[in-house]
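Single chain ahead, written as structure tokens, the form predicted alone.
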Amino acid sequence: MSTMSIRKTFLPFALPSISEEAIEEVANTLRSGWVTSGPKVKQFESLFADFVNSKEAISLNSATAGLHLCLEAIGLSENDAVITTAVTFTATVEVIGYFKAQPLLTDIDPITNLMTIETIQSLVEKECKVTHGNLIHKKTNKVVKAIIPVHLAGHTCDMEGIIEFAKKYNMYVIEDAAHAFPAIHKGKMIGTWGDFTVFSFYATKGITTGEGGMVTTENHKMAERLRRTRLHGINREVYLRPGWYYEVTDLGFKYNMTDVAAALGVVQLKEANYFWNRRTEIARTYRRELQTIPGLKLPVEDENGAHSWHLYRMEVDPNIARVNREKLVLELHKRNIGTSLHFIPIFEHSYYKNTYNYFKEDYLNSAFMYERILSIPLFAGMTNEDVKDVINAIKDIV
């Protein structure tokens, strides 16, 4: 290691930014007596719908719950298949497995690491056939009922192309926007493109409720179903129930958001643009300072809109840089700088590999990315000194 000065405290790759106003809002909610789903949940849903210009917003205790309920709402079954990407968090694929449906994985674009029309068509040509206007998975004879594009790190997928493709084959589009708040695609916020859009408010996301998620949709009937199934299939929400009577009309789940979480979300939403502007500023500083270093491939701005900059992912080429990815991670850690990896491709996980017989050779771009990618610190609470520490450490190592 060089003689450069080492940070005295550890800098994680992400931290939530919780203001005193948010703490006070949560405290007031605790004092109110409404700690589960109540008025704050309703307020948060209304504000969020307005923010992304959606007709409907349904809060949940996680984005995973949101993805699950969306697939339930479209009637997914073991006779169906769903297309998604090989490079995503396990939740995107695990919810397909809840229904014993078949997850079909596309490879990724080597530049953006996103699913594209080209990667979708490559998958379809190899694994599907067309029968009566529907895509059929040749190996299992299952009907491809939906497609789940993933807006990775805040860079948006080609939604026009994906929606056009889905309509051609009678498929629903469920956007995994866990990384895409508040991203914009072609002048329109992520939240109203697909049939459903699912957001995450996990601790490291653009805004947080600790744990939590939101589904937006323009379909009132589907929204009402999600509201029932998120809380045991009960047809009247507790907060709005005029008396003691209710009826269970659907098989439901326990996926509701609490007022405590929503209170934090209400204030986080007010601060969302500040958080986004600060992350964008840091991302552009990284590019300005690191772009001339040989062997580093940096993320690009989203040419189709506004990148949410949820993550700053870069690839390390061991053939050009002085170090490989593992060495860089180790040396950054020695300098008290944290990193992470987004994501280990789905086909690398033993459960998915063994259950669905995925082979790395079918996902060459994803496998190539996995050998080189890492995420460096990027969150609104980083100081300018924090940013300098990261830049100087990478320059010193690489």
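Just so we're clear, the structure is a prediction, and the values are computed from it rather than from any experiment. The first residue of the shown sequence is 1; numbering continues from there.
The next section is about a form of this same protein that is not shown, the form predicted in complex with a small molecule.
This chain is displayed without the small molecule, yet in the model of the complex the stretch 200-208 from 186-194, 127-135, 200-208, 272-280 comes within 4.5 Å of it by heavy atoms.
Listed residues 106, 156, 217, 92 were compared with the small molecule in the model of the complex; 92 is the one with a heavy atom within 4.5 Å. Listed residues 150, 267, 166, 260 were compared with the small molecule in the model of the complex; 150 is the one with a heavy atom within 4.5 Å. When contacts are judged by a 4.5 Å heavy atom cut-off, residue 29 does not count as touching the small molecule in the model of the complex.
Taking the partner from the other structure, the small molecule in the model of the complex has no heavy atom within 4.5 Å of any heavy atom of residue 230. Contact annotation for residue 174: none of its heavy atoms lies within 4.5 Å of the small molecule in the model of the complex. Although the partner is absent here, residue 86 is not a contact residue: none of its heavy atoms lies within 4.5 angstroms of the small molecule in the model of the complex.
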